[in-house]
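For reference, the chain that follows is the form predicted alone, supplied as structure tokens.
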Amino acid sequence: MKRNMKLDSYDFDFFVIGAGSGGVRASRIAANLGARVAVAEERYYGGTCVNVGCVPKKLYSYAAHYKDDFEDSRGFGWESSDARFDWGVLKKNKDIEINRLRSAYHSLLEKSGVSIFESRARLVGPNEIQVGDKIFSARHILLAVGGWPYVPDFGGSEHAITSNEVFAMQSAPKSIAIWGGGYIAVEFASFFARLGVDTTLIYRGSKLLRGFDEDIRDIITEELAQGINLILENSIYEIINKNNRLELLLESGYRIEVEQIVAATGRRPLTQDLGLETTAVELDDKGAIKVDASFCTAEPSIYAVGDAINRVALTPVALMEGQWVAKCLFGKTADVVSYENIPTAVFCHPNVATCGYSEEQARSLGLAFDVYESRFRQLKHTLSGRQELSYIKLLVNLTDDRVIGAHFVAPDAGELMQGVAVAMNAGATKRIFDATLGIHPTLAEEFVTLREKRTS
């Protein structure tokens, strides 16, 4: 990427469309490096993650965990028979926190000297952006417009809501169907079921979390079947509204009735009506913006990051990409963006966390490796009596003993995987894991006490 200095012939050095995670990070970094920066946001600061994604989802997951905690506490001598959940209180307090975060994002932009436009922006050329009735010019433009839930079009599909609308619900339905098998579907089914809603999860596949390690998929599919009506290898053919109840006709001919249905059937880049036709920017067959290794589009002045491109749709990845673009354009050359060993978590119950290769990915690459694994109940459940399973798995490369894959199913697995990801990015070998003393008794010590290789 060629570094360009500011040119006064443009209104701005850098114009960012979208104030989500990637857009805000890129704007702040560029402004702090001396660029004249503007950002346009038509909806809400913080993007999907802050408003209808990671943050509210994790808050609802926290709320759901208390059901388990209250039940577990009985085995430790606690009485909690008067515990009662109030959806309205959760929503009110969630809204307060989300509004605080939105304000914080706006304040960060202001303090960095970024010009803010609270309106829709469209491209009207390779270096021009229309905001309202005004047109601005910019040396560089960044598209950080994110993604949006996708609902297939079929009979009655208009009755389905998406993850976006869940967080606006004033009260919980008595029954709900979640349609999908990815991380959003699994997370939502988990917290609805624990918050007292009769929950059905419908998925076309034979097991949940496609793309994850197959052992993880097996365990989560089995765990979610406890307390959730799990309908696999099936899909919805039609939704019929019957006096404010929804009848779901499945492809198998099976029918169920629920008060609400959430379509967690994927997300698409939010690239419509951006004025891309006035530029050379190209889209792939899913509507994602095509970029090169430097996040530059086919139009040399226009870049794109985050969920709008077909890479890895995770908030920390968007942050990394946005920062990289800003540093390369207005600062010194940044470190190479790496998509290896990206840790991620699914906040279902129990949590899933992974880093590095799944067993199937490693085999497809022709790698030779050993597998170490352990299935166990954590110490807590010897008194709680709950049968929740925990699982850990490490893949170890035979050529250099490096840990190339780590997979964990356990409460707070995401918190525990972060440190493992640091070790993996530092090149830690299995020998180093083995030489590290565990903290006893903890779940995390399982990472350094695995000794037996899987033999089949």
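All of these numbers come straight from a predicted model, not from anything done at the bench. Residue numbers here begin at 1 and follow the sequence given.
The following text describes the form predicted together with a small molecule, which does not appear among the structures shown.
The chain is drawn here without the small molecule; in the predicted bound form, the stretch among 117-125, 176-184, 279-287, 374-382 whose residues come within 4.5 Å of it by any heavy atom is 176-184. Using a 4.5 Å cutoff between non-hydrogen atoms, residue 265 counts as a contact of the small molecule in the predicted bound form. Although the partner is absent from this view, residue 150 contacts the small molecule in the predicted bound form, with a non-hydrogen atom inside 4.5 angstroms. By the criterion of a heavy atom within 4.5 Å, residue 393 is excluded from the residues contacting the small molecule in the predicted bound form. Within this chain, residue 203 lines the site of the small molecule in the predicted bound form, having a heavy atom no more than 4.5 Å away. Contact with the small molecule in the predicted bound form, judged by any heavy atom within 4.5 Å, is made by just one of 138, 345, 320, 328: 345.
For the residues 28, 57, 36, 430, the 4.5 Å heavy atom test against the small molecule in the predicted bound form is passed only by 57.
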